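Coming up, as C-alpha cells: structure 1 and structure 2, two forms of one and the same protein chain.
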Structure 1
Amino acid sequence: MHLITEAALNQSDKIAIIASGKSFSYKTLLQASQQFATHLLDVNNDLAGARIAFMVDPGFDYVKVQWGIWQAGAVAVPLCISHPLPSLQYVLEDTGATILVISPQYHDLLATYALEHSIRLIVVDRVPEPAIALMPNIDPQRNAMILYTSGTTNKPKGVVTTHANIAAQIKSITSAWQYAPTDHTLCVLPLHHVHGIINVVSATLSMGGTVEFVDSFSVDDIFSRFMKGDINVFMAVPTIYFKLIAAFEMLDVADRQQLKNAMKKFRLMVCGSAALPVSVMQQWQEVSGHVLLERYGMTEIGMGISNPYEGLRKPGSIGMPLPGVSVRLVDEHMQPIINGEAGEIQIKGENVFKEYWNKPDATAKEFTPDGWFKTGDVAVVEEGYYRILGRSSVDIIKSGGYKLSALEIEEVLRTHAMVDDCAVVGIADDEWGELVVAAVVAKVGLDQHQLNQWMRTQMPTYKTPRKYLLVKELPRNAMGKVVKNEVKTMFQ
C-alpha cells in the first residue's frame, strides 16, 4: 500500500501510534512491518494474493501486521476480536486463509483449528526480527483486503478491495475532510470494518497524523483521553455519541466544563455508519460545541456521500457526493431520477470494491450492466443534500453501527433444538438505532435465558437478539411469506 508507507517514509521520527501507554514512530512502525513481511514471505519473494487472516487487538501490532501483509503481496483478512469460533471458522474457510496471525490471548481459541486445517499460525509477539528482505512490487489492481458484510443473503459476503480501491477511498476523505499531519485521532472502533480501518487508522496514517488506541471501548476512558488535550479528531457511530452524551450528563459541573474546553479545541468530529438522529446531533453540539459531520458509507464503497467540512452540515442529511465518487438515484425501473423523487443510491468510482469473494453471481447481481453499484439504500436530494429515507430490504438491520442480516440470525436460531421457526426484525431504538428482536415458535419448555446464552456461543454478541417473543405462529401473507412489518408491531 504505497500511499501509506510513503507517508511513513516522510514522517520517520514522528509518532504514528500510541497504544497501551507506549508511543511508536513511523520509522519503528515501517521497520517492524517490513520485518513482519519478511517473516511472512519466508522462502517466497511474493505471497501473490494469499489470504492472511489476523485476529489482533487494535494497537501497534494490528497496524504492523496489516502493513506487513500488504507489503508481502498478500490479502489482509481482519477478524473481529469478539467473534466466537463458528463465525471465525466461516471467514477462515470462506477465504481459504493459509496463514493466521493472532494476539497471544487468542491462542486457545484458534490453535487447534489452525493445526487441524494446516494453517500456518503466527503468534504476533513471538515473531523473529529478521533482516528485511526485498519486498515485491505490488500492482495497485491487486487484491488488498477482504471484509465481511451481512446482507440479503443469509451468510456474510467477503468484500474484496484492491490497493487502488483503498487508495481512492483514502484520498477522497483526506481531501474532503482536510486530514493533516497535526491530526491526533482516537480510535475506539472495531478494526474489522471500514469505519475504523480506513477512516480512522489508514487515512490518518496516510497523512502523517497520530492514531491513539484505547484498550477496549469505555466511555470513561474516552473522556479522560479527551481531557488530556492531545486528541483533536474523533469519529464514531451514533450509538457511541448517544452513550457519550448520557455519560456527560452524569458528570459534575467542573468535569463537564473541563471536558467541554478540551473538545472545543478539536479540529473535527465525524459521525456515520448509521443514521444520526437529529436529537443526538443537537445534544452533541451542546456538549462539545461541534456540529457533527455526518457522512454515508458502505463496506463495498468506503465513503460515498458527506456533509461538507466547510459549509452547512445539515441535520438529518448525509450531504453531497465525495470527491471522485459518482452518485445517482434510480427508480425501480433503473431509470435515473430527475424530478426530485426518492430513489435507490447507486455509486460508481475507483472507491467501489472489486467483487464479493468467490461469489460471481452475487457480484453481478449488485451491479447494473453499466457498472453502477446498487447500495439498496433509498434517498432523496433536497437543495443538493442527500437524505436517506430507508433501505430496500427489511432484512437488513443496523444496530450499534453494525449491519446485520435478519436471515443470518434466523438461520442460526433455527438450528437450536427447541426452535421450530422464527422471524428476526429490527425495531427502532434511541441508543442502538435498531434493536434486534426475534419472534420464536418453540417447543414447549424453551428456556429463553438458555437460548440467549447459546446464541452468544454461535454469533458475536452484537448480532444476537435482545428480546425474544414466544408466539404460536408467525404472521404470514397469502403466499406463506412472513410479514416482517407485522412482526415488528408485535414488539410494540
Structure 2
Amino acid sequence: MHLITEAALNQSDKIAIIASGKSFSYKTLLQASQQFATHLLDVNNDLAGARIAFMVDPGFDYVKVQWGIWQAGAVAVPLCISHPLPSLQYVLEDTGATILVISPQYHDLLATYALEHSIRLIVVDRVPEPAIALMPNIDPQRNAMILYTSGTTNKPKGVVTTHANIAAQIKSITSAWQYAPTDHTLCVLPLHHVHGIINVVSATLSMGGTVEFVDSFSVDDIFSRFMKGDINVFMAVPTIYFKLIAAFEMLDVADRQQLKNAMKKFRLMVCGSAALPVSVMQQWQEVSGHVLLERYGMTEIGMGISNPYEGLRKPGSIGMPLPGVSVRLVDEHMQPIINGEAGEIQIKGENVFKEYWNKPDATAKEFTPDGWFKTGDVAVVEEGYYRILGRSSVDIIKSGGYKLSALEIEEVLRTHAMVDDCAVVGIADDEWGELVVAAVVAKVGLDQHQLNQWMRTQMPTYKTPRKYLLVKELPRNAMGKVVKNEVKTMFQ
C-alpha cells in the first residue's frame, strides 16, 4: 500500500475531498482509485513504469486518477490544464506516454493527437466501475512521477521522483509543520507543481486530513470559504496573498473584522514557490493575524528549508533545514562556506529526485561527485537562518566588480509608497559588465527621477538601478514566479 493511500484504510468514513459542492470519503476515494487502476491495467498484472499523462481538473477525479496510476504500477505525469497543445505535446513525446487521461472538456484539444500517435485515450467520466483486480506490489524505489521544470532558460526537463522520494518529502513536512487528521486545507494551487501536489494534496491526505478544491480562482469565493470556519490550513504563492490583501482592503470595516477573526483561527498559513516580499508578509500579518511560514523548495527536492512551525519566523528568511534534509553552502570552487559569506545551496537527502528523464548528462551536471544536488540558488546564513539572495543565473548581478542581489534591491524598491511590484535584472553592458535595471509596476504619477534619487538614500549607489521601465504587469509563470529572462528582453 502506498504511503498516501494507507490513510484511507484508517479514515474510511472521514471526508477526504470536497469539490464542486460534493464531499467524498476516504473509502469512496480508495475504491474509485482501485477501480480506475483496474481499468488502466486492463489485461496486465503490472504497468511496470509506463508513463501515464493526465490532464484532469483539480478535484476528486484528479486524486482518483493519480492514486490509480500509482496503484497500477505506472508513472504519473500531470499536465498543466492551461497549457496550449505544443507544450502538452512536448511532455507527451518526451515521456513517451502510452496512456492519456483527460477531463471531458479537453477532448477536442487532445483526441486527434492521441489517435494519430496511438496513445490510449481515457476520458475520466466515461470509465466503467469494474470489479477491483489484485494490485501489483510497488517497490518504493520505482519511479512514481515526472514533473516538468519551468524551462525559463531552455526546454523543460522532466524531474523523476520515486515513491521513496515522495514519501521522504511528505514525511519531512508533515513532521515539521505538524499535519494532523483534523487539518482541512483549501487547494488553490496548480496541480502540475510540487507545491500543490505534495504540500497541499498528498501530505494532507497522507495524514487523513481533508482537501477542499476550488473550481476557479476567485477572491470572493476564497474569503467566503474562510468565513465558514472549516478550513484551518492555507498555502499559496506571494501573488495570491497580494490579491487577497488588495481585496481585503476594499471591504467595509465590519466585514474586515469578521474575516480577520475567522482567519485568526487557522492553524497554519504557508507561502512559497517564489520569494515572499517582506512588505507582503507584514501586510498579511495585519490582515490575518498570521506570520506566514515561508519555506524553500523546488521540483527536484520537494521542500528543503523552512521557517519553524513553532518559534521565530524571520521576515526575508527561508529558515533552517527540514528534518531528513542536509544543506550546505559552497563557493564558486565547490568548497563549503564556513565564514558566513554567500554561497550556492546544495541539498542531499531521500527527498532529492532520482534523475532528469532521459537526460543523463543534465543529471550528472547538477550533482557533485559526492551526491549533493546543486540548486543554483545563492544564500547566506544569518543567526542560523538561511536567506536567499537569488538564483546564480538571474538574481546575482555582477556589476562594476560587485556581486549584487537582485532580491535585496527589489525589497527596497517595494517599500516606496508608489511601487506596487518590481523585478530587478542585470543586462549586458560594456562598461559595467552587467547594468542593474528595474521593471516597476507603479501607481499613476510615479516620477522615475525622484524614485532614483530616493533609492540612493536607501542603499549604496552601486546597488541602485541605472534604468527604470514602468510596466503594467510583470511576466509570470503558472506558479506566480517572475520570468526574469522575459524581463531582460523588455530592456532590449
Ligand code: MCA
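Take the two forms, find the largest set of C-alpha atoms that superpose within 1.5 Å, and that set is the rigid core. From a predicted model like this one, the values you see are computed outputs, not experimental measurements. Residue numbering: sequential along structure 1, first residue numbered 1.
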- prompt: Which number, 1 or 2, marks the form predicted alone?
  reply: 2
message: Treating the motion between structures 1 and 2 as two rigid bodies, with each C-alpha assigned to whichever superposition fits it better, do residue 236 and residue 400 fall in the same part?
response: no
message: From C-alpha superpositions of the two rigid parts, what is the smaller part's rotation angle between structures 1 and 2, in degrees?
response: 143
message: After superposing on the rigid core, what is the C-alpha displacement of residue 425 between structures 1 and 2, in Å?
response: 7.0
